[in-house]
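Laid out below as structure tokens are two forms of one and the same protein chain, each shown alone and named structure 1 and structure 2.
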Structure 1
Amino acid sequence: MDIVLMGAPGAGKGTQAYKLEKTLNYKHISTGDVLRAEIASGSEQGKEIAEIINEGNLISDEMMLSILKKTVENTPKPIIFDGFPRTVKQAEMLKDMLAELGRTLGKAVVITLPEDTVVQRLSARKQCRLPDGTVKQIGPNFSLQQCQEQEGEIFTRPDDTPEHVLHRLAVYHEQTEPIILFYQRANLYAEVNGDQEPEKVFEELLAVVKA
């Protein structure tokens, strides 16, 4: 069964999804990564997406779904959706798409984190671009040292600057948080405390996913 992983930007969704993928043999699909790959391809659609993302806004539900659908259709494994859905409309679209593809959603898990911690984490966050163009986030799964050893270039995501972080948080409260009610009503909702060591968060997450 598929899983939705939600939480404010910086809550640790990517880190935890990576661990789940390794432990339970899921396929991790981060819509942020999918969009950044489209930008890196240099396509016209990528240029349009870059302008929206760099301002910290959401791309349209229709465009997001059409990009995501191609990946989901080619994925036989159970999926961890990271960064999707981000609006109630997307949650409804996901429900329809999964039904159409004969897939089932098992849980929608929110990683919670106090707001000031979110701002601190995102403002300190760094990425590493490896010589082959792959981008990794520096953190528990990929250290600064690994980046340096592999001759990566360290940079800050354009949407991780303090003013963009505050805007992204406002977007999260306004557009993404209402999804919680949607999943509570569907009896799929669960929460884990993201304000602890990544290993502890993972223990909680694993328990929730296996329940």
Structure 2
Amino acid sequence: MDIVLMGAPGAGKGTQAYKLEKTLNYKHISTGDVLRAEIASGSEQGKEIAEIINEGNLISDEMMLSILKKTVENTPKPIIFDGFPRTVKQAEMLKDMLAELGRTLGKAVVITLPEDTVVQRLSARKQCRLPDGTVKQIGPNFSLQQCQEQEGEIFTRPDDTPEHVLHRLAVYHEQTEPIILFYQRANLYAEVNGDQEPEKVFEELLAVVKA
């Protein structure tokens, strides 16, 4: 069964999704990765997406779902959805799409984290821009030493300043709380405490997904 993984910025969704993917043989689908892949493909839709993003706009729910559907159709493994849905409308669209494709959503899991911890984590977060333009997150899967060895440039994202983080949190809460209610009503909702060591978070997450 597929799962939706949610959480505030800095909650560790990417790290935990990577571990779940390897441990349970799931497919981690990040909306950001899907969009970048579509743009890189050079397709007409990819060109349209690039133009929308370059103008500073958001792509429509319908376009996002269309791109996701292509990926889901070609994925026989159970899926971890990361970054979608972000609104109740998207949650309803995802439900309909999965039903159309004969798939089932088993859980919607939120990794919870206190706001002050989110601000602290993101303000300290570093990224590495490699000479070929690739950007990697400094963390468990790519170390500061690896960045230096590959002659990468270490930087902090502009939206990781405390002021920007607080704004992102406000948007997250505004969008996510209705989704939580949506999944609670469907008896699919679960929480995992993200304010502990990553290994402990993963243990709890794994238990929830397997339950």
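Residue numbering: structure 1 sequence, from 1. Everything numeric here is computed off the predicted structure, so don't read it as measured data. Here the rigid core means the biggest group of C-alpha atoms that line up within 1.5 Å when the two forms are laid on top of each other.
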Form predicted in complex with adenosine monophosphate - structure 1 or 2: 1
Per-residue C-alpha change between structures 1 and 2, V34, threshold 2 Å, rigid core fit: yes
Residue shift check between structures 1 and 2, rigid core fit, S43 Cα at least 2 Å: yes
Q127: Cα shift of 2 Å or greater between structures 1 and 2 (core-aligned): yes
Backbone CA shift between structures 1 and 2, G152, after core fitting (angstrom): 3.9
